[in-house]
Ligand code: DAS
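Shown below, as structure tokens, is a lone chain in the form predicted alone; questions about how it binds or moves come after it.
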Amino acid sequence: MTRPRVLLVSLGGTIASTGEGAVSPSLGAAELLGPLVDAPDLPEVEVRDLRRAASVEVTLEDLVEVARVARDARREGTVGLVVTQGTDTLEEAAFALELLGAGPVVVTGAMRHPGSLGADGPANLAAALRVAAHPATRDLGALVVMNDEVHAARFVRKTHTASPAAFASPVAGPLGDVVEGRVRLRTRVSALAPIDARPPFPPVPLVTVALDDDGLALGALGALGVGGLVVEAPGGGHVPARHVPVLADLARRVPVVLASRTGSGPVLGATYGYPGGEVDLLGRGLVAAGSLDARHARVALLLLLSAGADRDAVAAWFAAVDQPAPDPSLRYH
């Protein structure tokens, strides 16, 4: 039988890092495949190097290029795309690739570089290639495969600085796993519709609010020409009352998205009405991020603004993304 064909695109990161002592990205996609030469049941793999960079250097422009490469590869018969990059911004990159229409795409990396004991890169890459080639993953958008777990890009988060089990999906859990080389999906998501985003991307800061926050960062942003703002607020979406005038003024000028810093659970909408509570803030024009965390929300806002979305269009997108279409295969009794 003809093996399915998968394109492997390398952007760098720990999985590609070598060196004496401190390491930095230096390996290309073909070199990453080297340890897998005898691995059974892998798809046919084509390779392409786009960058050899740390993940904090990956840009949205890079991901626009990856999405273009993915679309070209699909037209030529490739069934899926695997992207390797650093894990520090992997969750954001994967979500951006879904919204840019790169899917089906699987993003993976490594927590331990190739020269370390227990390097996890080869196992992660093998699992990602198997997931990308599996027919059941073709309509799931962007996935993240790490530590033999399959995560939806919109839910996944990096939760540890060093553990091989650093990636989790607090809101929904993993979609499945890879065991003994077999891809097993327990649940599914529907791919999100692509956003017609294109450079240049406007400045969209992310500001976290903390205990007894003095508001200096928000005050400074009020005087700058930002394209939008994401506020990562405590609890269900709350800020001190002294922040309200600045946020209300910003929300009159640009889209301001309100996310929770808890990392799990949606922004509330109808519980707390004190000044700075979510009822007050949403009433002043802020847009609830729903169950998306602040980093995912920022990626979406950046792409929406680059596509020309105004505040109403941004609000409609965030309202819709948190309301998945019913699964007709589910039956309730």
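Nothing here was measured: the structure is a model prediction, and the numbers come from that model. Quick note: we count residues from 1 along the sequence shown, nothing fancier.
The form predicted in complex with ligand DAS exists for this protein as well; it is not shown, and the discussion that follows is about that form.
The unique member of Val256, Ala110, Ala133, Ala126 whose heavy atoms fall within 4.5 Å of ligand DAS in the model of the complex: Of Val256, Ala110, Ala133, Ala126, the residue with a heavy atom within 4.5 Å of ligand DAS in the model of the complex is Ala110.
Candidate from Leu268, Leu60, Leu282, Ala54 lying within 4.5 Å of ligand DAS in the model of the complex - any heavy atom: That would be Ala54.
Residue contact check: Thr14 to ligand DAS in the model of the complex, 4.5 Å heavy atom: Within the cut-off, so yes.
Contact of Lys158 with ligand DAS in the model of the complex (heavy atom, 4.5 Å): Lys158: contacts ligand DAS in the model of the complex.
Proximity of Gly141 to ligand DAS in the model of the complex, heavy atoms at 4.5 Å: Output for Gly141 is no: heavy atoms all beyond 4.5 Å of ligand DAS.
Partner contact for Thr87 in the model of the complex: ligand DAS, 4.5 angstroms, heavy atom: Yes.
Which of 98-106, 246-254, 259-267, 79-87 sits within 4.5 Å of ligand DAS in the model of the complex, heavy atom basis: Careful reading of the contacts points to 79-87.
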